[in-house]
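One chain comes next, on its own, written out as structure tokens in the form predicted on its own.
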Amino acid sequence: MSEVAITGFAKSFDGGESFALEGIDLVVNDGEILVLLGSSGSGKTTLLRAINGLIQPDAGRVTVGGDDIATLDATALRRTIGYVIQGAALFPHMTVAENVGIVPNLREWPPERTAARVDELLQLVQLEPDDYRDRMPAELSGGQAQRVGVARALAAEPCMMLMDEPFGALDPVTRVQLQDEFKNLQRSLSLTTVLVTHDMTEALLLADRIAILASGDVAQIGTPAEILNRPASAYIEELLTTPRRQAAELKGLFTS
């Protein structure tokens, strides 16, 4: 089980003068994609990084699979959670295979097991191992590098995935393709995923549920249909303006 429960979470970056997040209560269900959505500075990445202990709360707690992460070894915890960021952040001096195999090697897997896992994952993210295994990051396109980043996050068979704007730096065609591929991959693995974005369209397309952050709190949480049909505030209504306009314009093109 990899359910995440965030209870009474608060975080200040100025010694308690003000709080970036305060009183956050949130559950990520086992096997779902929860998208954290909000404008810059809304606390999305802070909350994401708290799940694997990279940020410590000033109040409240975070549990993963029922275990309070404050009681767990931080390094061991992070090796069980895949983490993908914008731009992949591959190590430039390592080959694709070495990048993907970092965590299995840190966990002292036998070399043959790591090599087999690397090839398995390259196939899974649609990169032919014989063609890509020995390439350097500088030889990859943006989309290929992001695929390698996803493979690296999956390498040690994580209990969940944390993704911070993973598709934001890609061109529109590659972005949509990788969004579709990741959603299919997540479904096949039943992988609990928390994904940060500021793009409402991306959130609506990828999420099982969306948690919208504003003013240091959760402004609304619900399925994409619930958010679309029953926005809880004028702010959320405004966030929906662009995807609604795009949908209407596309519908007009198809019916004209």
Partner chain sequence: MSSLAENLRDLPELLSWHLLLSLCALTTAATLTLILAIAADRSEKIKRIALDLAGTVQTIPSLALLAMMVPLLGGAIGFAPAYAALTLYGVLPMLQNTITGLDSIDGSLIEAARGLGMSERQILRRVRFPLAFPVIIAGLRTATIWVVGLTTLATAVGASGLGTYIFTGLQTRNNGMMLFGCFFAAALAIVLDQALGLLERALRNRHRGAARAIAFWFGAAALLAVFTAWEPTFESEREGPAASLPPADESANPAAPRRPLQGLALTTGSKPFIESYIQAELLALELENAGASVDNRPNMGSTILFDALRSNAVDCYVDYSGTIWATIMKREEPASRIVTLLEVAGYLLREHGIVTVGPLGYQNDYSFAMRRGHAARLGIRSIADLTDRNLKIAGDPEVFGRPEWRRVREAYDLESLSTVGMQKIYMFDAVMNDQVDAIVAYSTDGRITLYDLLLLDDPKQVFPPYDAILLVSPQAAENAALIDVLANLVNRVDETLIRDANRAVDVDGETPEAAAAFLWGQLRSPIAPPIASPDGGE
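Since we're looking at a predicted model, the values are computed, not measured. Positions refer to the first chain, counted from 1.
Separately, the form predicted in complex with its partner chain exists; it is not shown, and the next lines address it.
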| query | finding |
| --- | --- |
| Location of its partner chain contact in the predicted bound form, chosen stretch of 48 to 56, 220 to 228, 207 to 215, 62 to 70 [non-hydrogen atom, 4.5 Å] | 48 to 56 |
| is_contact(E98, its partner chain) in the predicted bound form, heavy atom dist at most 4.5 Å | yes |
| Interface membership of T75, its partner chain in the predicted bound form, 4.5 Å heavy atom rule | yes |
| Close approach of V148 to its partner chain in the predicted bound form, 4.5 Å, heavy atom | no |
| Exercise: N105 in contact with its partner chain in the predicted bound form, heavy atom 4.5 Å | yes |
| Listed residue that, although its partner chain is not shown, lies within 4.5 Å of it in the predicted bound form (heavy atoms), from L140, M94, C159, L185 | M94 |
| Contacting member of A89, A169, L124, A115, with respect to its partner chain in the predicted bound form [4.5 Å, heavy atom] | A89 |
| Residues of stretch 129 to 162 in contact with its partner chain in the predicted bound form (4.5 Å, non-hydrogen atom) | M136, R152 |
